[in-house]
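Encoded as C-alpha cells, the following chain is the form predicted on its own, with no partner shown.
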C-alpha cells in the first residue's frame, strides 16, 4: 500500500478510527499534531459520558510519555492539573481483619516531579482527550462491517452511514466488532473472575470516620474464599471544571469531586451465581451482595461499600488475550483492547492503549512523510505492541493469581515501571 503523503502540501491519508475511547482519541490527537488533516473518530456512545468503564486510572511512566507525545501542550497541562494529588502513602496489603500482610516498595523514574501524572479520573481523561476534536468525533455511530478494496477501506454503520478512507483503526475495545469481522477466530480467555466496581465520595467516607489506614493509601485486601478488595483514592489537584475554565475555556467537564474507587473481586467458584443473574443485578443489589459476602470482615472494610454510590456501581468480567498476535499489515490496524484485552489487576490496560496510540501515530506519520513504507511501518508498530502488551498481560495475570488465590507474595512480580 502506498500511503498518500504531501511533502508539498497535498492531502494527508484519510484515517478512520473506530472507537472513541482512550486509545482512539489519543491517536486522533497525535495524528492532528503530526499534520494529518483528514481524521475521523466514530464512537457508538451518544455522548462523552457513555458507558461506565471505570473511574481512577493509574498512569505509568510509559503511559505519561505516550500522553505527552500525542497531546498538545495545553491539554497536557490540563491533565496535570486534574491528576491525582498523590496524598496516598503507597500500597498496603491487608487481610480481611485489617491486619497488614505486605507493604511493597515501588520505584518510579519520575520521582516526585511536580508535573507528574500519577493517576487520573477516567471521565476527566476522556474529556481532556476530546479537547479540540469537536470536528473529528462523530457520536452515536455503531460500526457494523468494513469492505476492503485495494488500498482503500470502507466502514459501514448501523444507521446506513458509510465512510471510505486509507486506513481503518480498530480501537473499539474488548468486544471489537472490527476484530470480529477480520479475525473471527480470535478469542479472549475468561479468567473466571467477576468484579464489582464502584466509588464512594471522599467527603462522605471521611465524615463517616474512615480510619487513617484507609484514608490516603492504595489498599489491597485478600480475604477467605477468593474474595479481594482494592481501594484507592482520587484526590484532584484542581477540580476539573475550574482547571478547564483556566486552561481550556469552553471545554465541558463534569462537576467531579474527590472520591475513592473500590473494586471487589470474586472467582466464579465462590460466587454461587450464574453470569445471567450476576450481570443483571442493579447497583443496589451489587452493593448488598458485597456486604453479604464480607459479613465476617473488619467493620472498617465493610464500610467501604456501605457508603458506595449504587448508581455508580456495575459488574465486570475479567478477561485476557492470550497470546497477543499481530494482524496483517493491510488497511485495518488494531489498537488497545481490540488487540490485547487484559484484567485491571495490573493497572496497565489504559497505559498500554496509550502506548499503542503513540506508537501507531509515529508509524503512520513515518509512512505519511515517505520515511517508511506503510506495510513496514505498521508491521514495526505491531511487533513492538505485541512485545509490551504481552508483558503487561503476564504481569496483570500474576497479580490476579496472587490476589485471588492467596499464593506467596514472593511469587508475584509488581513493577510500577512496566
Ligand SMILES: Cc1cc2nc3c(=O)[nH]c(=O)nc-3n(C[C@H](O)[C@H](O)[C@H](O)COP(=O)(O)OP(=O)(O)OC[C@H]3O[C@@H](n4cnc5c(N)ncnc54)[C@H](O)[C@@H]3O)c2cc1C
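It should be emphasised that the depicted structure is a prediction, and the values quoted were computed from it without experimental measurement. Positions refer to the first chain, counted from 1.
The following text describes the form predicted together with the named molecule, which does not appear among the structures shown.
- Taking the partner from the other structure, the named molecule in the model of the complex has no heavy atom within 4.5 Å of any heavy atom of residue 266.
- Taking the partner from the other structure, the named molecule in the model of the complex has a heavy atom within 4.5 Å of a heavy atom of residue 45.
- Residue contact check for residue 301: none of its heavy atoms lie within 4.5 Å of the named molecule in the model of the complex.
- In the model of the complex, the named molecule sits within 4.5 Å of a heavy atom of residue 316.
- Although the named molecule is omitted here, in the model of the complex none of 121, 199 and 243 has a heavy atom within 4.5 Å of it.
- Just one of 233, 165, 226, 173 comes within 4.5 Å of the named molecule in the model of the complex, counting any heavy atom, and that one is 173.
- Out of the listed residues 183, 215, 142, 86, 142 is the one that sits within 4.5 Å of the named molecule in the model of the complex by at least one heavy atom.
- None of 328-336, 202-210, 146-154, 284-292 except one has non-hydrogen atoms within 4.5 angstroms of the named molecule in the model of the complex; the exception is 328-336.
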